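Here you get one chain, nothing else, as structure tokens; it is the form predicted on its own.
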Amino acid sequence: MDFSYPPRAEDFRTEVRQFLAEHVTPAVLEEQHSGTVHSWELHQKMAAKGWLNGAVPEELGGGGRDALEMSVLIEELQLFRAPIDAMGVVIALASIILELGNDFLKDEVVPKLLRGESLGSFGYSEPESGSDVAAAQTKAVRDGDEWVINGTKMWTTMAHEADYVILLTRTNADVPKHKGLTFFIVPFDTPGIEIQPVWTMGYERSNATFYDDVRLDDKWRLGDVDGGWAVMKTALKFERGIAGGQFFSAPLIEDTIAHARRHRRPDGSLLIDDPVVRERLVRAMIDLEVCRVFAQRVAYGAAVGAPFGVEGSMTKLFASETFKKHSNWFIDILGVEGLLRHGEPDAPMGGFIEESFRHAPVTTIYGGTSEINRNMVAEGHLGLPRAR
């Protein structure tokens, strides 16, 4: 069994590393400490390289980069700690519209996303239902050729920077909850929308978004009326599986190894000489290799046209849960010094370990909670009955 990437993908890795070494500057890294993990300058430079368009599946009109190359791109971006929260949403949203959208949405929205001019956000979760997105109560009522939307969404990350939200609404309350849903692409400059910040424990800014008699032409509808659950399955497939995988722990492991090799304890011994420290680091590296294999499987499936929805859930679940485990291990290794935050004197790794410790639990929630992903794997891969 050959786990190596093909030469084309490795050549692309070299190109990506050279680009990131030049453009992921200290200023770009510092920018994300504002809570918005996005850099317009970096995003637009990646768009100019064709990397946003390249990540869209070729059968949908994407450009030139296969899924293995995009897996390499995601891994290198995360190794460099590049602020790319918006990138994955842009790629997923463009792919969803190209697969399911009408000609207006394909012509109006997709080019702006892939040129790096516009950003998108996800409008699924609500205050009363959380991960049970099928329980959405944000209402869309038809009025001639328009729809009137009222409701509230939570965790609309990047809404304060984005131009569009893919919005899940309730259009029929008289049928089972999965059957009365409809999606819209809603421009944020539409009258009646309010955005309020919500700060997470992981230093990021998310948002609550409020829709008060928002009027929208039917051309902004995505998919069939009351056919939103089919759209949701496609959306989750791209959100969890696009571009291969997740490597949350990769930069944390690299930085912790470097710190352990140079940090001396009061007795003069190097941290790396402690066998317990070495064991934890090696176990984390093994977990990371498992993440890579998951990512390769997802990317290979996408490259040959095989379904990758369940595999995407498996990858995201394992990556986020091990990231949480690793950040716990490493902050324990560093002791009280590991609790020093970014900007505080003597903070190990510039406070990256403390930042990761707070951010890791957040990764087990967005993109589908670990519980939801376990259900997806249990039902879709193991064939277990749906929980009642």
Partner chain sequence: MRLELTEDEETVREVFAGFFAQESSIEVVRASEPVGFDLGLWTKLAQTGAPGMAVSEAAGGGGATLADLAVVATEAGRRLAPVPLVEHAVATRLVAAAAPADSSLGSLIAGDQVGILALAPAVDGVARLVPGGSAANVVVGLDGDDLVIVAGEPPAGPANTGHAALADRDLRAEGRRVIGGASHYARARAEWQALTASALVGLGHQALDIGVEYVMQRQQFDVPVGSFQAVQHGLATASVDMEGAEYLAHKAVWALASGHADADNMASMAFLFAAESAQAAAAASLQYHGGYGYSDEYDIQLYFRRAKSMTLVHGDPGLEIRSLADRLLGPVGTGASA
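Keep in mind it's a predicted model, so treat the numbers as computed, not measured. Residue numbers count along the first chain shown, from 1.
Keep in mind that the form predicted in complex with the partner chain is missing from the display, and what follows is about it.
Check, residue by residue, if 285, 292 and 382 all come within 4.5 Å of the partner chain in the predicted bound form, counting heavy atoms only.
Yes, each of 285, 292 and 382 comes within 4.5 Å of the partner chain in the predicted bound form.
Counting non-hydrogen atoms within 4.5 angstroms of the partner chain in the predicted bound form, say which of 281, 134, 105, 193 makes the cut.
Selected option: 281.
Which one, 110, 158, 87, 314, lies within 4.5 Å of the partner chain in the predicted bound form by heavy atoms?
Result of the distance check: 314.
Could you tell me which of 351 to 359, 23 to 31, 43 to 51, 317 to 325 sits within 4.5 Å of the partner chain in the predicted bound form, going by non-hydrogen atoms?
Stretch with heavy atoms near the partner: 317 to 325.
When the contact criterion is heavy atoms within 4.5 Å, does residue 11 count as touching the partner chain in the predicted bound form?
Heavy-atom contact with the partner chain at 4.5 Å: absent for residue 11.
Is residue 210 near the partner chain? Define near as a heavy atom within 4.5 Å, in the predicted bound form.
No - in the predicted bound form, heavy atoms of residue 210 and the partner chain never come within 4.5 Å of each other.
Within a 4.5 Å heavy atom cut-off, is residue 297 in contact with the partner chain in the predicted bound form?
Contact with the partner chain, yes.
With the partner left out of view, is residue 375 within 4.5 angstroms of the partner chain in the predicted bound form by any non-hydrogen atom?
Residue 375: yes, in contact with the partner chain in the predicted bound form.
Just give me the residues of 261 to 277, first to last, that have a heavy atom within 4.5 Å of the partner chain in the predicted bound form.
Those in contact are 261, 270, 272, 273.
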